[in-house]
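Take a look at this single chain in structure tokens; it is the form predicted on its own.
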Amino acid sequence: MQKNKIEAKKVSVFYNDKKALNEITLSIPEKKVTSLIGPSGCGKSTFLRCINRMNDTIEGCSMTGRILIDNKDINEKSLDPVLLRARVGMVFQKPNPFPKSIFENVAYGPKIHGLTQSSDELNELVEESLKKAGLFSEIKDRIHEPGTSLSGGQQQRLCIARAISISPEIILMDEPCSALDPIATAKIEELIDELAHNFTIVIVTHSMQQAARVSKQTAFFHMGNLIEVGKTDSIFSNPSEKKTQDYITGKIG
């Protein structure tokens, strides 16, 4: 029986008086990859940022409706957004390593959350996270060099290692490959596949080919509305909505 990790119920988002999302209801299954696709400005990233309350940091942004993770409302007053973001990691469009060493980039989260008791434990956790992100073998002799000295694709994997170092349950990815070349993109996609065994992943992507390759479920957004959601192969081979069909065949974009 498929368990849903995230449930969005009638979620609307406003930037001051402009409505960016219109009553989105969407279930996201546990330990699977869900892709959010649609034209630029259709609300995909806005929806993604609702899941870890990143929109709280935007002035004039407000939300109605509910988002539940494991049946608990993430917008309850009693819930500390910092603790929520420890459970919900985020990887952004452009790799954004801290201006610190590779080691310090990954050690930062575990240190502030007090996840390790000793430097040996911390070293082990950093190594494990880099291995899970498929980066350790490439950089093991340079671990104390700056994270910014890595190539773009390596930096993005470093950001993924940083996100998973605090053992989140969910990883949000906002176009994680849009700044990368095809070889780096293929590595990240391979990694997403691996990570889905242990994490629930929600990815916003402009690339329909990428959505088709990495995700089990795809949701199509258009002008702030959720038009259609379903199994990825069905959405691409046999969509039930004309708008989805038009987007996939390039009539609208």
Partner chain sequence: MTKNFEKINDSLIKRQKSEKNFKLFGLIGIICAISFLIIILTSIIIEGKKAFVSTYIKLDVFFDSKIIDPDNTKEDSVIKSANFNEIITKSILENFPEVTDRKEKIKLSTFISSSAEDELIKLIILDKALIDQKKELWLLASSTIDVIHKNPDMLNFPEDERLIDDKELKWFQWFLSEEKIKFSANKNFFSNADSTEPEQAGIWGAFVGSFLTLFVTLILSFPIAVAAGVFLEELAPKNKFTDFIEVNINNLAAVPSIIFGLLGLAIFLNVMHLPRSAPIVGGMVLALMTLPTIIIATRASLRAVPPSIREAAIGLGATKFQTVTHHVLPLSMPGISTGTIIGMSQALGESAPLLMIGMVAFIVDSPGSIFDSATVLPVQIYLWKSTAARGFVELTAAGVMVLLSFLVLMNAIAVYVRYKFEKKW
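Because the structure is a prediction, the values reported are computed rather than measured. Numbering follows the first chain given and starts at 1.
In what follows, reference is made to the form predicted in complex with the partner chain, a form of this protein that is not presented.
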Sole residue of 192, 54, 26, 208 within 4.5 Å of the partner chain in the predicted complex, by heavy atom: 54
Residue (of 96, 178, 123, 151) lying close to the partner chain in the predicted complex, criterion heavy atoms within 4.5 Å: 96
Touches the partner chain in the predicted complex: residue 157 (any heavy atom, 4.5 Å): no
Contact test in the predicted complex: residue 183 vs the partner chain, heavy atoms, 4.5 Å: no
Residue 49, heavy atom within 4.5 angstroms of the partner chain in the predicted complex: yes
In the predicted complex, residue 109 touching the partner chain (heavy atom, 4.5 Å): yes
Heavy atom contact within 4.5 Å of the partner chain in the predicted complex, the stretch among 57-65, 26-34, 215-223, 197-205: 57-65
Every residue of 132, 135 and 187 near the partner chain in the predicted complex, heavy atom within 4.5 Å: no
Stretch 145-163: residues contacting the partner chain in the predicted complex, 4.5 Å heavy atom cut-off: 148, 162, 163
